[in-house]
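The chain below stands alone, shown as structure tokens; this is the form predicted on its own.
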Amino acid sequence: MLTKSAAKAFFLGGTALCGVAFLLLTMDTLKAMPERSNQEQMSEQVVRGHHIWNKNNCMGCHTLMGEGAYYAPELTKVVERRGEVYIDDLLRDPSRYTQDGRQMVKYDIFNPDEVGEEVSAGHRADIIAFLAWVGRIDTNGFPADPDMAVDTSRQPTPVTAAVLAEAPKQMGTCFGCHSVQGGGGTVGPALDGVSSRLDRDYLIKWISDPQSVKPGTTMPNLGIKGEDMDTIIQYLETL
């Protein structure tokens, strides 16, 4: 059993040792932060996007780097997973994206009908720039790579003007995950020749209700039907 003086020395020595360890770890963290935080890439657009994120309380539903609510998806690597085209279209009109019975709020600042196309596009670009910057922060492996991570052997490339000229406007969202003629997203399979592999009825069922075809699939239900569905199917049949 320790004497009173020995216990006091043990306490003071342990406190001093822990204090020194804390200071050294703090210094190491501060030294590593500029490189790991991507601070040099924090543009004015990224800052504007951060203001939009805070002002609209996006963390009331989403999380960034594990902080926030857990009602909606974690967004630390969302640009890497989904691509800018997909995110831009979702912000513009969330009503087209419903999954598991949940739907994102339609904010006026992203709605062209409320603030005009130019202002809306600017706000959407700002928040996407912020999310892209967050995704480049060195988080030491967090979050873990999802099942739908982008194939790093083939990074997304812009869809060519020729493809865009032929594609109907309803396909704009699809190019965020799928590619045609080598351009577009890499999350989902390429759509070249898809109608030769899958018949018309199967394509309609897959697009209208992905979960009924493949439970747990990452493809969202975009609520496409009627003339929009016919237009998309007719386009896919030309590939």
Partner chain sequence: MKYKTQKIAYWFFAACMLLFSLQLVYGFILGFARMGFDNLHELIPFNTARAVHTNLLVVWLLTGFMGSAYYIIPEESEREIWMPKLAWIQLISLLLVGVVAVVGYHFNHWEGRKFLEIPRELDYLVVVNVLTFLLIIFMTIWTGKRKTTTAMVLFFGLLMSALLYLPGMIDFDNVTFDSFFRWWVVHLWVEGVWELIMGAILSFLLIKLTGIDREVIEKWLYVIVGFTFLSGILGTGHHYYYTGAPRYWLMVGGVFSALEPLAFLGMAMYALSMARRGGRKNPNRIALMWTLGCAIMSFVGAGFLGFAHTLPGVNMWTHGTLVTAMHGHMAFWGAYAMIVLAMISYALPQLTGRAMHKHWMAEWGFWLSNIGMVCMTGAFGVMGVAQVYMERKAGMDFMHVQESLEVHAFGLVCAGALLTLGMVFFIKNFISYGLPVMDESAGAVTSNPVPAAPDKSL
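Positions refer to the first chain, counted from 1. We call the rigid core whatever largest set of C-alpha positions still superposes within 1.5 Å between the two forms. For clarity, every value in this text was computed on a predicted model and none was experimentally measured.
Absent from the display: the form predicted together with the partner chain. The rest refers to it.
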Quiz item: Heavy atom to heavy atom, is Gly226 within 4.5 Å of the partner chain in the predicted bound form?
Solution: no
Quiz item: in the predicted bound form, does Asp138 have a heavy atom within 4.5 Å of the partner chain?
Solution: yes
Quiz item: Heavy atom to heavy atom, is Gln103 within 4.5 Å of the partner chain in the predicted bound form?
Solution: yes
Self-check item: Contact test in the predicted bound form: Lys55 vs the partner chain, heavy atoms, 4.5 Å
Solution: yes
Quiz item: Is it the case that Lys77, Ala165 and Leu198 all touch the partner chain in the predicted bound form, with a non-hydrogen atom of each within 4.5 angstroms?
Solution: no
Quiz item: Just one of Gln181, Ser37, Ser212, Gln41 has a heavy atom within 4.5 Å of the partner chain in the predicted bound form. Which one?
Solution: Ser37
Quiz item: Only one of 185-193, 59-67, 199-207, 171-179 gets a heavy atom within 4.5 Å of the partner chain in the predicted bound form; which is it?
Solution: 59-67
Quiz item: Listed by sequence position, which residues of 1-25 have a non-hydrogen atom within 4.5 angstroms of the partner chain in the predicted bound form?
Solution: Met1, Leu2, Thr3, Lys4, Ala7, Lys8, Phe10, Phe11, Gly14, Thr15, Cys18, Gly19, Ala21, Phe22, Leu23, Leu25
Self-check item: Asp28 C-alpha moves between this form and the one not shown by 2 Å or more, core aligned
Solution: yes
